[in-house]
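The chain that follows stands alone, in the form predicted alone, written as structure tokens.
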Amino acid sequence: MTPDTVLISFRDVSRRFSTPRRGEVDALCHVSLDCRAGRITGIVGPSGSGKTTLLRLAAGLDQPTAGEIVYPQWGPSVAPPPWAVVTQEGNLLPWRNIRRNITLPMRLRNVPRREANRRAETLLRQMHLPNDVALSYPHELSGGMRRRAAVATALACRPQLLMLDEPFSGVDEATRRRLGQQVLDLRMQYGQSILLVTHDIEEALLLGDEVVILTAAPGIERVDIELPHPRDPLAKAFERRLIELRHRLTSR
């Protein structure tokens, strides 16, 4: 796929929820957005602006109230789509050890057991997880380890599109930076396109090729980030871009 290839197209999409206390609530209103191949798209905005709703709609886990979402490269299909999702909860099955979590999506796609185990070992190594993690259960791991294991599980079938919903929340700043760099490294190796929902504008700027800003209006603005990787958060160019994005977010 070329960098201009559209993977997901939101066409005047709205999503309304009915709630017992607040009545009808608009999570998204008239969103038009193209998600293109080979890019990391950061999705930022305050709580209630529709970030997770946007990701769930993109993943097919929810349906719009109005408008349509089109997948030009894949179209309607009964086969599993070539994308993967990591939710805020992490997606790991508590009754399976980490190796069996990572191999499950491969086994469901008929990848031979030996090959699935080999890929799982490679992914654990790439996510800098100790060897004994493979036989551990999710509740036995720290928050950072669970996050890395969840990303490894999502990458197991080498998806063309990886969707991450606050994948690094609840971990310390140093771990967030390491996890973000690991995602960048794996993206360079496997060529995934990535949708990244985050409440942290600096994180979106460190990782993203573009940033989609949502506001509680609700509204949407798309900003291209023209800074080369790796990015230094202490560099003047980075600081100027960060100030600009914060101003755009708070002034809408």
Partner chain sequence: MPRARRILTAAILPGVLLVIWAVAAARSPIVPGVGEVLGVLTRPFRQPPLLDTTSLAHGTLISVLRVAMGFGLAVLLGVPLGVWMGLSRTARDLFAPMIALTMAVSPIAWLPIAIIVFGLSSPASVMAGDGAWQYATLDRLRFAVVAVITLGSIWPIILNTAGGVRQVRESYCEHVRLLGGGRRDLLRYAVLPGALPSAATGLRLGAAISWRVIVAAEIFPGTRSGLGAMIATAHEVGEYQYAFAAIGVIAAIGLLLDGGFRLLEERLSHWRRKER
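Model, not experiment: these values are computed from the prediction. Numbering follows the first chain given and starts at 1.
Separately, the form predicted together with the partner chain exists; it is not shown, and the next lines address it.
Not one of Val171, His229 and Arg248 comes within 4.5 Å of the partner chain in the predicted complex, counting any heavy atom. Only one segment in the set 181-189, 45-53, 204-212, 59-67 has residues whose heavy atoms sit within 4.5 Å of the partner chain in the predicted complex; it is 59-67. A heavy atom within 4.5 Å of the partner chain in the predicted complex is found for exactly one of Asn91, Thr122, Gln73, Thr175: Asn91.
The partner chain is not shown here, but in the predicted complex it comes within 4.5 Å of a heavy atom of Arg109. Interface membership of His139, defined by any non-hydrogen atom within 4.5 Å of the partner chain in the predicted complex, is confirmed. For the chain shown alone, Arg147 is not a contact residue for the partner chain in the predicted complex, no non-hydrogen atom being within 4.5 angstroms.
Within this chain, Arg96 lines the site of the partner chain in the predicted complex, having a heavy atom no more than 4.5 Å away.
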